[in-house]
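Listed next as structure tokens is one chain, alone, in the form predicted alone.
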Amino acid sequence: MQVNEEKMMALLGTMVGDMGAAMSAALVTLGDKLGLYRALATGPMTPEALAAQTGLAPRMVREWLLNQAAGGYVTYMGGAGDAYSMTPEQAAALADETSPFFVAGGFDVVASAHRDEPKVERAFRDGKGLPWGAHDTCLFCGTERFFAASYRGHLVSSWIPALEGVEAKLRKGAMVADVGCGHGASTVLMAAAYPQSKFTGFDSHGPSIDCAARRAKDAGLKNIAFRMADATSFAADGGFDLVACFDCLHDMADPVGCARHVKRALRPGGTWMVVEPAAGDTVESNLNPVGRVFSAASTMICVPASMSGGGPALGACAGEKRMSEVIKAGGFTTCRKATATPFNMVLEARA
């Protein structure tokens, strides 16, 4: 084959950028873990001042700052002592864990992907998948921290209000199930916002349920409980006004079975809220930076999780059309996209 030099240089430039980003991901995790972002967010500092405030080695801090400024994650100010700082946007993304823009948890997920590479390699070779609970524990904490930011920014303020009649029920007092709740970030937010309602979080991963219970206790919430159960066996006696599944239906071994079970769990007039990645319905519509993140996470986490249970392996790029088909196959007659963000779509299903 004859190589086009201009195209070759462009491709290599992209790859160099990717290598820098991939290696720098570890430095983001270190900056988060060592408190470097939080300290720098308080005001401009030289490397030596930042090292002194965090109790770290000055030479290591200086090199870390150079890398972070090269990537645009901190700002180089120059001047006496080569000071650095963080803009309000950089601080919101990396230093403030209460911010709806906080993304540092996503780099924990990246770290888990690299640690789990040998396990996923086996899944490629034997086709047996990889259960959620078999991943590195960094995945579970990273998932909580990463998704919780979006939930803080949208769940109570826009997602629930976009559902027909649901917010009024929650304010008055409703029964809610959060299926696939993980560490309970979504469950805790809803329970705090709607104290008249009762919430039960269900998850098949025991350590996550234990963590969720601690989160609820720390928050002082009395209207919340957590139970270990999967999406097709949680208590379903027709007693729930709302069932929610946050970023998990596409991971399941039996998503249609989950839909059938949710239908049985709902009271007449009840609602199923399904929050899913805002992927496109075609390959072409996912050939973009967001689709790249979704498909990477899907290859490492979502598809192997479903395959491990003999499931359809929908993946994070299933899209609205495919997810709506799954929901209706479980017996729901209507499914509409109630609202969306650049990263999530909220589907409202009714029987």
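For every residue, the number given is its place in the sequence shown, counted from 1. Given the structure is predicted, the values throughout are model-derived calculations rather than measurements.
Just so it is clear, the following notes concern the form predicted together with a small molecule, a form of the same protein that is not shown.
Note on the partner interface in the predicted bound form: the residue among 84, 240, 194, 151 having a heavy atom within 4.5 angstroms of the small molecule is 151.
A heavy atom within 4.5 Å of the small molecule in the predicted bound form is found for exactly one of 166, 259, 266, 252: 252. Candidate site formed by 294, 298 and 319: none of these residues places a non-hydrogen atom within 4.5 angstroms of the small molecule in the predicted bound form.
When contacts are judged by a 4.5 Å heavy atom cut-off, residue 270 does not count as touching the small molecule in the predicted bound form. Although the partner is absent here, residue 276 lies well away from the small molecule in the predicted bound form, with no heavy atom inside 4.5 Å.
Residue contact with the small molecule in the predicted bound form: residue 112 places no heavy atom within 4.5 Å of it. In the predicted bound form, residue 143 approaches the small molecule with a heavy atom inside 4.5 Å. None of 92 to 100, 69 to 77, 215 to 223, 174 to 182 except one has non-hydrogen atoms within 4.5 angstroms of the small molecule in the predicted bound form; the exception is 174 to 182.
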